[in-house]
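Just one chain follows, in the form predicted on its own, and it is written as structure tokens.
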């Protein structure tokens, strides 16, 4: 009678511990060397493709796959991965002092996040994802029956559900502003919002990038319109940080929530919530612990979660360091260029419909499209099973496929995607498995 899988698994685990402990001791050094390598490459005078090849080498992605879905979850590069595993190893070895040290490190991460997003340190709360940030900002606002929240017609549930809770619990009215999509002129969106404002409008709740279509809203102009009417701007910013160079003070929004596990390529469970200093007095903390009622703490009083996964928080700082070493402008230029190239390569597919604006002011590195007479789920399934290309479906009323182009992607991968889609259009679609 053979041994149970648990016995075999446990024996292998115990045998691996000494070697693992040695390896973990070197993780921090490996992460530092990885970051130094990228920094040197960024400062060197090599070709652009040589540089991006060096950046790709810092990711642990399976080389047999083309990953184009970091709009859902981004892969962690080596410096981030090593930071995460090192910190968890420290806690496993000694839950005492390392826990205190990592708690203190979180304040350095707050400073890095502020610099990365063009904000002040006392305007940054460290949250777990966009949805948590949206709940903090919308749950903390004093809104009463009849007050109106204006949102868009393609919102993510992370922002829309807290609005709907306000409606059900307090009688707040939630209205979706619509316009012909994709808009190619920012004024179309601005005029639609301006026309929807009433004396009861209290909040604009908008996605900076609408995740279904990949199109953006003219956020700076919307924030200025809102402020002129004494309206609060609460923004679902899940995608731009790590994709676009951000400056919160320039945007002029009141609140902005983001998920660092997407384009910033931090571990799952890391996010940033921006709270404009002058707007914090309008917002009640939602989760409270010591210091929640001390305005001098600034945005830090809104992320009082007591004991938390500090290795994830610290690794978020490593993700910021990694992208800072590359350069935020350089990253934005690269991901935009790849997305533009993808649109050009796919534009020859018969009957293709793009749901993403062509205007650079309203587009980014997400691209959503529909192919005639084909279900998006069938396309995504076939790309994955036959071509080893990872994309995702967009539901709602679009029947769209969405791709994301990030710094680890290449033009060759875009070409492979285009070739695969040409095959699919010819009728070689695999049937989706039935549930």
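Positions refer to the first chain, counted from 1. Keep in mind it's a predicted model, so treat the numbers as computed, not measured.
One more form of this protein exists, namely the form predicted together with a small molecule; it is left out here, but the text below deals with it.
Exercise for review: Decide if the three candidate residues 186, 213 and 363 all line the small molecule in the predicted complex, where lining means a heavy atom within 4.5 Å.
Suggested key: No.
Review point. Is residue 87 close enough to touch the small molecule in the predicted complex, meaning at least one heavy atom pair within 4.5 Å?
Key: Taking the distances in the predicted complex, the answer for residue 87 is no, it never comes within 4.5 Å of the small molecule.
Check your understanding: Applying a 4.5 Å heavy atom distance criterion, does residue 156 contact the small molecule in the predicted complex?
Key -> Result yes; residue 156 sits at the interface with the small molecule in the predicted complex.
Exercise for review: Answer with yes or no whether residue 123 is in contact with the small molecule in the predicted complex, where contact means some heavy atom within 4.5 Å.
Suggested key: So residue 123 does not count as contacting the small molecule.
Check your understanding: Though only this chain appears here, would residue 131 touch the small molecule in the predicted complex if you measure heavy atom gaps against 4.5 Å?
Key -> Yes, residue 131 sits close enough to the small molecule in the predicted complex that at least one of its heavy atoms falls within 4.5 Å.
Check your understanding: Between the options 316, 83, 259, 356, which residue brings a heavy atom to within 4.5 Å of the small molecule in the predicted complex?
Key -> So the residue touching the small molecule in the predicted complex, by this definition, is 259.
Check your understanding: 259 to 267, 188 to 196, 274 to 282, 343 to 351: which one contacts the small molecule in the predicted complex at 4.5 Å, heavy atom to heavy atom?
Key -> Of the options, only 259 to 267 has residues within 4.5 Å of the partner.
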